[in-house]
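Here you'll find one protein chain in two forms, each presented separately as structure tokens under the names structure 1 and structure 2.
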Structure 1
């Protein structure tokens, strides 16, 4: 009888103070992935972050945190110096020997999928929500995300009733030089598709840009993401380093759209639905002009 009373007292205590276990949750996190960092912040966990990788540029406040370097080229020393309890990242994180060394030091390494689709995002958010003790918020965020995408689909149906889907290429580069063309099974491909563009690239992953790869393709729209430059400087560098692009219908008609490269790292991030609206406006200008 005494045991039952103790058990009841424990349950009542948890019901009265459901946050009592919060102190047991890991309080020192390091994130190696831009999208994951953004989701941690959206889930109210930014205060737990003690370090981030170079792809973590949002929210603006995380730029003040110590950097652990690029997600694919991490060093165990840099990570362990921050005394983290948890390291989060996707399968893009590495190299593997570094992760093994971090695990060996007693750090909890949590891997997430960067696969660009909604079921994966739902699973990622559920996992993060559980780790942060905020599963209800995770469900709320996913529901809002799904709703935003449904609104985008409705707008796209309307746009495509009067305009044909444009042929698009997405170029990811650094100061204009040697860009990569985004193909299938990438966040870029998902983004173009959701925005209503027809990706002319048929390969999988990212492939180096070349004159040969452009042969036979006539993109109506060029989307470029530069990891070093922004704005007009990025646009000028792209065409200076790759003059063949100037002959495309996209360049001749001024249909060249810039995209934040951090949107393409670590799976689907919270800013993607908003970026879809911008891309769709570039893909379907008539629809954008008629919008209230």
Structure 2
């Protein structure tokens, strides 16, 4: 039976990917990082995933896979019960004794950096491509990604020559209630900066805001990321729970942009360039209109 399965895997591997040693490539993967899971799927390795952690929410289909829990609180036996050959995750994966146990059981544990910059992503993608036996695709994905980011950047530079960078606040909430404002040293801060926004928050990390200090900041644009609701419902909930926000210039001018909160976890993911374009369009509205 096992021989038969591996024979099929070999044949399929050879057909899909000539030149790679499919039989030597790991066929059972467990991913403990949201962005990594997305990249594995983008590289065509979705069928090799046998388990994912709770931060892996995209693509939709991985939600059906067994959940190994939160990336920092993994269980050695739980992971081993999935009989994986590879466990991938960012440096946030842990706790370390569990990783040591998993490694001790002969599972290849691959750590990737969650640093949000292109050289890191390049290294990560090359590594993933090698493990999946699809290096060409990895290179192709990276160059496409780089291109998309460069394009977004040059559009941004053009926009910034005619318009001032808007003052932005990013609110991370749960069904509108008690949102946290993203400050320095967060993925959100980096995202706002890349999209050309000027984050008005000066604190570090995600902190609850006081209504008074918010009134003094008068943001031009509000970005909201809601964990429970999406679209119009999230927007309505946000203003209903926090009436003070309605007095901001952003709300008065209708410049309120939505952001998927899963983008804020685990380094650069494949959906990032798209979201940046969307954010930039919100920050520099006239530019978006003139763009093709």
Partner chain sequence: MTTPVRPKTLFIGLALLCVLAIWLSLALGPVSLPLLDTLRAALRLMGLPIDPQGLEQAELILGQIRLPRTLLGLAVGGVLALSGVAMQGLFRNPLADPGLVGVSSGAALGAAVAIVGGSLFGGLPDAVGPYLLSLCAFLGGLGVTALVYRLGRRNGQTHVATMLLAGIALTALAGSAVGLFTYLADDATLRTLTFWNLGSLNGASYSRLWPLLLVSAAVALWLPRRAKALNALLLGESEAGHLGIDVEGLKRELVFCTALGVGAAVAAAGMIGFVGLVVPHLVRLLAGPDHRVLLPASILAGASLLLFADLVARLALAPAELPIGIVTAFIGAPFFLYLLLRGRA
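What you are looking at is a predicted structure, and each value in this text was computed from that prediction instead of being measured. So that the term is clear: the rigid core is the largest set of C-alpha atoms that superpose within 1.5 Å between two forms. Residue numbers count along the first chain shown, from 1.
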query: Number of the structure representing the form predicted on its own; finding: 1
query: CA of residue 83, rigid core aligned, shift of 2 Å or more between structure 1 and structure 2; finding: no
query: Post core alignment: residue 145 C-alpha displaced by 2 Å or more between structure 1 and structure 2; finding: no
query: Core-aligned CA displacement of residue 199 at least 2 Å between structure 1 and structure 2; finding: yes
query: Core-aligned Cα shift of residue 215 between structure 1 and structure 2, given in Å; finding: 10.3
query: After superposing on the core, C-alpha shift for residue 233 between structure 1 and structure 2 in angstrom; finding: 6.1
